[in-house]
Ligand SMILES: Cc1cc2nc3c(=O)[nH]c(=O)nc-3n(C[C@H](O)[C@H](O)[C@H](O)COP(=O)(O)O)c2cc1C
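Encoded as structure tokens, the following chain is the form predicted alone, with no partner shown.
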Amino acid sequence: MKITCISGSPVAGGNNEKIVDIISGILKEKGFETGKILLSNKNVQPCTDCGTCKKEKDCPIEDDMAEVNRLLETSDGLIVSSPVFFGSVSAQLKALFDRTILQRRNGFLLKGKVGGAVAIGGSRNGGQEFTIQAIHSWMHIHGMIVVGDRSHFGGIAVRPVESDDVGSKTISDTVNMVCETLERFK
């Protein structure tokens, strides 16, 4: 089974990409195939609400979203990590979310996939829960199976992530819940 991790940060090598590397390591140890979508090196333009995806299966915007959509569709699970930008997800991640309307309009192609969320902020109460809620809302709209970290919403970390033992535990617990939930479907 394949789980794809999404880093919603525009910063290459930053905390979100470190989180995705940590998650990928846990997934590999558990025997899962992994994929990565790093928005720091992808060109994902905002949706223009042109309506083309109501009639066709391809978006007319020429960027990296066709490749991203293939990765999303071929995954059994998704773990999305975002920095907290002004109390919610990054603009780059929101653009990706909006562009997945294509999957919804073409047969709910993300339906039934298992999803987990991680957010990292500048302080322990820096908007991470609101950011995770935005990620969960996107997952629910697609009909995904949403899991938390065993006792809360998901992975909630403070930067720098490598110094946050409490946050690291919530991240690994979220990854474990995604894995355990997927394994139930074997």
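Worth saying up front: this structure is predicted, and the values here are computed from it rather than measured. Residue indices: 1-based, along the sequence shown.
One more form of this protein, predicted together with this ligand, exists but is not displayed; see below.
Student: Only one of P60, G51, G122, P46 gets a heavy atom within 4.5 Å of this ligand in the predicted complex. Which one?
Tutor: Result of the distance check: G122.
Student: Any chance V84 has a heavy atom within 4.5 Å of this ligand in the predicted complex?
Tutor: Contact check for V84: yes, within 4.5 Å of this ligand in the predicted complex.
Student: Please run the contact check for T174 against this ligand in the predicted complex: heavy atoms, 4.5 angstroms, yes or no?
Tutor: So T174 does not count as contacting this ligand.
Student: Would S9 show up as a contact with this ligand in the predicted complex if we use heavy atoms at 4.5 Å?
Tutor: Yes, S9 lies within 4.5 Å of this ligand in the predicted complex.
Student: Given that the partner is absent here, does R159 sit within 4.5 Å of this ligand in the predicted complex, heavy atoms only?
Tutor: Because a heavy atom of R159 falls inside 4.5 Å of this ligand in the predicted complex, the answer is yes.
Student: For the chain seen here without its partner, which of 63 to 71, 114 to 122, 145 to 153, 28 to 36 has a heavy atom within 4.5 Å of this ligand in the predicted complex?
Tutor: Correct option: 114 to 122.
Student: Out of 55 to 78, which residues reach within 4.5 Å of this ligand in the predicted complex, heavy atoms considered?
Tutor: Counting only heavy atoms within 4.5 Å of this ligand in the predicted complex, no residue of 55 to 78 makes contact.
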